[in-house]
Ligand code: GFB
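The chain below stands alone and is given as structure tokens, in the form predicted on its own.
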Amino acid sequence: MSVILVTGGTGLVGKAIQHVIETELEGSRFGKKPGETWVFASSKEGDLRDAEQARKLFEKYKPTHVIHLAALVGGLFANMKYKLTFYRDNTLINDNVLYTSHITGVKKLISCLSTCVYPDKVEYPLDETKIHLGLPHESNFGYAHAKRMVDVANHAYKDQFGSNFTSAIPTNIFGPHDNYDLESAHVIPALVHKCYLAKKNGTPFIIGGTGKPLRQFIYSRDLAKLFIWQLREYDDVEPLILSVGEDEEVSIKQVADAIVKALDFKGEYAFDPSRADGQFRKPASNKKLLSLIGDFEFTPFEQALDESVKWFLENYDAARTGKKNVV
């Protein structure tokens, strides 16, 4: 009997894992296995910044395995504005989850990192060997350092206690149940919400930056399958990049074009180059992943975006949108 606790279980990736577990055929590669219990915990069940609340959450569910997704996250501008908050909150969350997993005898723990842990100045493409080769980008160094230390802790737990702790490094994630709050959302949900409001209010759709930066985007439901695979079949302490290939990079302009098409937006549409672009590109290699997982089919970007926009439109009133009437 296994109990898999997913921290941050009601967020973007947690909801995607829940969707896959509930819809894939039981006993299949990505489906629920006989004897498994999956628990998708939200911050309402315990503030993981607090060690005592973390301990009580683990006492309640007695997990044998943990997928650790809980984090304070935000887009470029939130990361730039709240560097200490992003560093301190995430450091506390991660330390409490890892330590509580250790003292309660969790058999396996996977933590979710981010490509922002990588150095700002590094040879591309990113791979699993380059995390600690320099300082992360200035725009998100608080969040990046907190996440980077998870890899350090994983190695320390393994060296000292033999713990089976590892981590995943996804590229930019999007999908149903995303955070669409314009103050803190990542690029795709922020642009979806802005375009929706521009259409609703008959105002221009203005995108901050030049539209030229390139990103690798991974659909949350594809990522969910990769997490489930990693939980069952990957037992190395070294982190693993979970991503589409380098040849799947798309520009922010391509993203905006696809959103305009998905929402059937007919109004004025322009870029504001006075706003910061962030890093121009940070391509990551998924060669290690593909060498281990074998056949895996990623959802085409436009199909995944269409499904995400459809979910947003159908669930707008319940979605995390912040102030709904501000463009």
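Source: prediction; values computed, not measured. Counting begins at 1, following the sequence as shown.
Only in words, not in the display: the form predicted together with the ligand, which the text now covers.
Though the ligand is absent from this view, in the model of the complex it lies within 4.5 Å of a heavy atom of just one residue from S167, S114, T100, S163, which is S114. Distance criterion of 4.5 Å from any heavy atom to the ligand in the model of the complex singles out A185 from the list L109, I131, V150, A185. Heavy atoms within 4.5 Å of the ligand in the model of the complex are found in one stretch of 276 to 284, 298 to 306, 258 to 266, 26 to 34, which is 276 to 284. Looking at the ligand in the model of the complex, residues V39, P63 and L226 place no heavy atom within 4.5 Å of it. When contacts are judged by a 4.5 Å heavy atom cut-off, V250 does not count as touching the ligand in the model of the complex. Proximity of Y143 to the ligand in the model of the complex falls within the 4.5 Å heavy atom cutoff.
The closest heavy atom approach of A190 to the ligand in the model of the complex falls within 4.5 Å. Taking the partner from elsewhere, P213 is found to have a heavy atom lying within 4.5 Å of the ligand in the model of the complex.
The single residue of 79 to 95 lying near the ligand in the model of the complex is N79, the criterion being any heavy atom within 4.5 Å.
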